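The chain below stands alone, shown as structure tokens; this is the form predicted on its own.
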Amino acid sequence: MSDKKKKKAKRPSGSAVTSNLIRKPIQRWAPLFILPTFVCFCIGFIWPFLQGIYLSFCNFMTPKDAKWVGITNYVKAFSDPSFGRAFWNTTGFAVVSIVLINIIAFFIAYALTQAMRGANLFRTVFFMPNLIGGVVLGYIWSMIFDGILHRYGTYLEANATYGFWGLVILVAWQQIGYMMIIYIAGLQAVPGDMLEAAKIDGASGWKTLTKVILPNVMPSITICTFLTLTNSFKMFDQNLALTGGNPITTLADGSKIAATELLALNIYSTYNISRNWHGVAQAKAVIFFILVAVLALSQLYATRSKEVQQ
């Protein structure tokens, strides 16, 4: 056997190179590269999260002077009428926002994936509102709404109905473009042979949409529904800037109910009442976390079970 043939025989295969020269060094040094990120994650998330759960059972001004009070904070949180009102406000807002944003975003994406001029330009225009901060959007839309409502002798913060729909319009305008991008990616991934087969079989446009396209776009629907659900429940800055929870009604017992206040803003407002309510605000935050986690996981389970396996 010649020297050239011997060298060829000794040369490792592609799989051997992958396993020996790449995998082993990665496995050896991976903990070193993961460790800094893991430490930062523990310091920035795990420890504050666990400390927050502990503080929800305490009265405190700062974490150092926390005094254990048991479940008193949770009793106060559940008996607070403003928290119940904020929950129903958030639930109604989330339902309307999820339906409105996803339907509009899907049909815009469907239109922009058809053969039309200027599709890329329209995608950019629709996506741009997502780049603007929530506080800035809140103040901008507040001026727009008040300018319109001033003609009718009212303003946004004086009417709960106007405030609610103002929040819906603001969030829909901001998020539709982002969800549209996700739906476009899902629509472009629909197998062309399925669409061609539906066309050959004489399926109408509606049948093709409901029986072929939607089942294949379910992964995108799962993601967009998850994002709109969590964003709706966690919304804070737009709520603060647009209405601030107004209008506010004072009950007979002296407690105040904010008509357009959502859960995140209610937690913030509770913390600012007095020192004795800091623990109550923390208890509300823990309840809020559990609520959002349960809803999000339930939604993921429900929609993923309907995804088509390709």
Partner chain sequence: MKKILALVLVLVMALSFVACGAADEPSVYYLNFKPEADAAWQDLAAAYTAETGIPVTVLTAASGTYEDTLTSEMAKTDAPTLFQCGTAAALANWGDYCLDLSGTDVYAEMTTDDFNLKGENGEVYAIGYCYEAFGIICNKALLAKAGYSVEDITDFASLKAVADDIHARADELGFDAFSSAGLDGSSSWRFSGHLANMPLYYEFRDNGVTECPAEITGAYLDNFKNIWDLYITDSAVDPATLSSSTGDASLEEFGTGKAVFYQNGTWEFSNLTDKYGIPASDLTMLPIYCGVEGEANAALCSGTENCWAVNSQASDADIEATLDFMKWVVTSEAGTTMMAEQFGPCPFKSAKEPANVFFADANRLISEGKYTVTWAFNYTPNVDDWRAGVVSALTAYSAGTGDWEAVETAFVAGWAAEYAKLNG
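Positions refer to the first chain, counted from 1. What you see is a predicted model, and the numbers here were worked out from it, not measured in a lab.
FYI, the form predicted together with the partner chain isn't displayed, but the following is about it.
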Closest heavy atom of Gly70 to the partner chain in the predicted bound form, within 4.5 Å or not? no
Answer for Lys76 alone: is it within 4.5 Å of the partner chain in the predicted bound form, judged on heavy atom distances? yes
Although the partner isn't part of this model, could you tell me whether Tyr110 comes within 4.5 Å of the partner chain in the predicted bound form, counting any heavy atom of the residue? no
Under a 4.5 Å heavy atom criterion, is Lys211 part of the interface with the partner chain in the predicted bound form? no
One stretch from 87-95, 102-110, 148-156, 163-171 that, in the predicted bound form, holds residues within 4.5 Å of the partner chain by heavy atom: 148-156
At 4.5 Å, heavy atom to heavy atom, what parts of 60-96 sit next to the partner chain in the predicted bound form? List them in sequence order, or say none. Met61, Thr62, Pro63, Lys64, Asp65, Lys76
